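One chain is shown next in structure tokens, namely the form predicted alone.
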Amino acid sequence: MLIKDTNWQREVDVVVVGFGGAGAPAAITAHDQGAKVLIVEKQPQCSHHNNTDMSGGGFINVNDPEKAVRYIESFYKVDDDLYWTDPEVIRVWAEYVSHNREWIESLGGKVRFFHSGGEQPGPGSECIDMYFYRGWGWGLMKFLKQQVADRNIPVMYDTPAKKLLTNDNGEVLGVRVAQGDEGGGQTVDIRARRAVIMTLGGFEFDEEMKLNYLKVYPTHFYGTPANSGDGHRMVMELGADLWHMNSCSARLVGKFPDFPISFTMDLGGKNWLLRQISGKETEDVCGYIMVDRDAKRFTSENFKMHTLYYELTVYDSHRRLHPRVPSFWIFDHKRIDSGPLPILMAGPSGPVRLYTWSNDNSTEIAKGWIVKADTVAELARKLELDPDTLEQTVTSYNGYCQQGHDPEFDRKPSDLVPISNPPYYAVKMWPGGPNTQGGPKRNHRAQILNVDGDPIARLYAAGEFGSVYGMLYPSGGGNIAECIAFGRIAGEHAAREEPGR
């Protein structure tokens, strides 16, 4: 928004818009570089939660930056002239991500090694090391918030940013916010003498943006509903270029009409998801399959946790529907007995406690979130699936379990456990996951670029707000790794800007 004259109500060197896993490292770094920093956050302090504290708290720390560059380029390079992500950005990502663990530990944080190896096969995959913060994502965000507090960096909660303020040359001068938005939103213009850093996350809860940009609709997410595309609209007003808008880190999730946030399910039983991410053999797995609207399996249930989404985008133009949306998770009473259906380390049923899932799943059965039936045929009728087809699908799958081989989708033998312990159950599953990736395109200095490829002066971005990741996601912990790395990059460069007049 072009301004000719304004009375600045507040002045600092760097304004960070958004207080999450990218905003905190950006603010900490800019402060430690000598800048006076202010964070503005749209959510009230009493109910503040972001994608990081709703995550599992895993992050990548590469052990060889050169191998990491080759790894990312192996699935982001289309040809010599076309990349999902610019080579310079890939290279700086690799360099800074190689110091993520060191940076956290230098501040006194506690992390533990989880496993090595990227989610996508390819040269250099072995350089990916994944760590977890103690206390999962909630613990990581609590630690980052304490680092901000220890530096006396002020945070204006309940203060959504509304406009980026510029001069005649398109240089960003500051931010217009609505302080106390829940109480009416008094407009405040904040001067950023050096720069503004945008760390507002994705557009997971803007239905129109998801409809127009993502590959399939609906897509449901389990992060914070505060991620509603506000920042995207602000930077587009300034002519920002966009990238990765059709990309997201997603799989199949449970989404129920009377609750706003989706759930990631531990399909095969307790800690099934962690074993899937690590590639370790699953112990005491419960029998389950995933079927489409035709009551047929369509993929190996040992799917990639962050890219199954793209298998769900198939469209039948004759029937005018996506045959895999929704899909149906089919299982028996053994899974009910093994504990709550969703993962309990992340999402709304994780440490943020936005929803407390019953230990025996009885509350969710009573709500209709979990469909129960005495027979497979009865279950099919309740799901409005063809009973004969679902019965045949379950019978065939159980036969594969007996043989120890899945000729259709080559599911791991150790994961082939029959569905044979009635009653039978199902959950309607939807495309979704932690976050979208798309947003303003950035360069290797974290500067937001306009449609001509030039930096918008004094405007930076980090994290999932225009993530550096394209269609394929490198590994579990990729987004938090990027938040930490590009938060530091943005903070460093923003603090080095010469103060504007």
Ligand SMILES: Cc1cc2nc3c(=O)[nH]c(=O)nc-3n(C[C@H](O)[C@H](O)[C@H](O)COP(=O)(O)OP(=O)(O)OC[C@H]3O[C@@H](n4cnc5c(N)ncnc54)[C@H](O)[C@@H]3O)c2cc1C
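A residue's number is simply how far along the shown sequence it sits, counting from 1. Everything quoted here is computed from the prediction, not taken from an experiment.
Keep in mind that the form predicted in complex with the named molecule is missing from the display, and what follows is about it.
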query: Option from 26-34, 453-461, 469-477, 64-72 whose residues, in the model of the complex, bring a heavy atom within 4.5 Å of the named molecule; finding: 469-477
query: The named molecule in the model of the complex reached by all of 57, 161 and 200, non-hydrogen atom within 4.5 Å; finding: yes
query: Contacting member of 346, 312, 417, 429, with respect to the named molecule in the model of the complex [4.5 Å, heavy atom]; finding: 346
query: Distance check, residue 434 to the named molecule in the model of the complex, heavy atom within 4.5 Å; finding: yes
query: 4.5 Å heavy atom contact, residue 328 and the named molecule in the model of the complex; finding: no
query: Residue 38, heavy atom within 4.5 angstroms of the named molecule in the model of the complex; finding: no
query: In the model of the complex, residue 441 touching the named molecule (heavy atom, 4.5 Å); finding: no
query: Residues in 132-150 close to the named molecule in the model of the complex, defined by a heavy atom within 4.5 Å, in order; finding: 132
